[in-house]
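The chain below stands alone, shown as structure tokens; this is the form predicted alone.
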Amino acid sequence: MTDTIPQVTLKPLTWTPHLPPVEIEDATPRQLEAMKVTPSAKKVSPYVRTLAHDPDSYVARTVLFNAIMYAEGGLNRADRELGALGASLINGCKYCANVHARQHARLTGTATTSALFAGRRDALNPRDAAIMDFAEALTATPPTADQSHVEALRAQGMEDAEIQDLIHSIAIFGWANRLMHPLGHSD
């Protein structure tokens, strides 16, 4: 057996809603205003346009999402993405797993994503392994995370405030994946 991990290149997936998304040209003023809080601020995806049917809940969801995933300070963004990836893998959300794997790889330049998608958990560095173990245990139904997971994160130098940030990123994807599944499917 070789220790070489094959480089995995993930191409973006397409998410297709089951219900017709709001078309920009047909959107109400409230829907248009709500869509301005989209995290990327670059394009308004079919997912955002599907959630925009209920602009108030979309804004509440997106403000919370932005505060968790894009907050300055605390846990670094790459570790937040890895937590989201772990939750998405456990929940079977291919679309979110793909997005967060690509983000983590972009932010770190490491082979963590390739190791995970090649089934080589043994190749993860200790910090990434502790994050993935915690994400999986916290996402399980019912959750199996316990003090040993927190101690493993602390052993990797994570402070309590960073662990709290990690819990938030894992938890929001426990919810987000379950929201995305009934609304559509990915290809």
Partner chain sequence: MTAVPDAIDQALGIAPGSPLHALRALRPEFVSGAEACRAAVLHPEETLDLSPELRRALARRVVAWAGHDRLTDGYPRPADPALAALADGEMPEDPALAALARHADLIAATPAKAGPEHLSALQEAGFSVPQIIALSELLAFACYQIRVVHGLGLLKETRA
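Predicted model only: the values in this text are computed from it and were never measured. Residue numbers count along the first chain shown, from 1.
Just so it is clear, the following notes concern the form predicted in complex with its partner chain, a form of the same protein that is not shown.
J.: Evaluate residue 24 for contact with its partner chain in the predicted bound form, applying a 4.5 angstroms cut-off between non-hydrogen atoms, and reply yes or no.
T.: Taking the distances in the predicted bound form, the answer for residue 24 is no, it never comes within 4.5 Å of its partner chain.
J.: Residue 143 versus its partner chain, in the predicted bound form: is there a non-hydrogen atom within 4.5 Å?
T.: Yes, residue 143 lies within 4.5 Å of its partner chain in the predicted bound form.
J.: Does residue 55 reach its partner chain in the predicted bound form, with heavy atoms at most 4.5 Å apart?
T.: Residue-level check for residue 55: yes, a contact with its partner chain.
J.: Report yes if any heavy atom of residue 68 sits within 4.5 Å of a heavy atom of its partner chain in the predicted bound form; otherwise report no.
T.: Residue-level check for residue 68: yes, a contact with its partner chain.
J.: Non-hydrogen atoms within 4.5 angstroms of its partner chain in the predicted bound form: do 12, 128 and 133 all have one?
T.: No: none of 12, 128 and 133 comes within 4.5 Å of its partner chain in the predicted bound form.
J.: Using a 4.5 Å cut-off on heavy atoms, which residues of 145 to 179 contact its partner chain in the predicted bound form?
T.: Read in sequence order, the residues that approach its partner chain (within 4.5 Å, in the predicted bound form) are 145, 146, 147, 150, 154, 158, 160, 161, 163, 164, 165, 167, 168, 171, 172, 174, 175, 178, 179.
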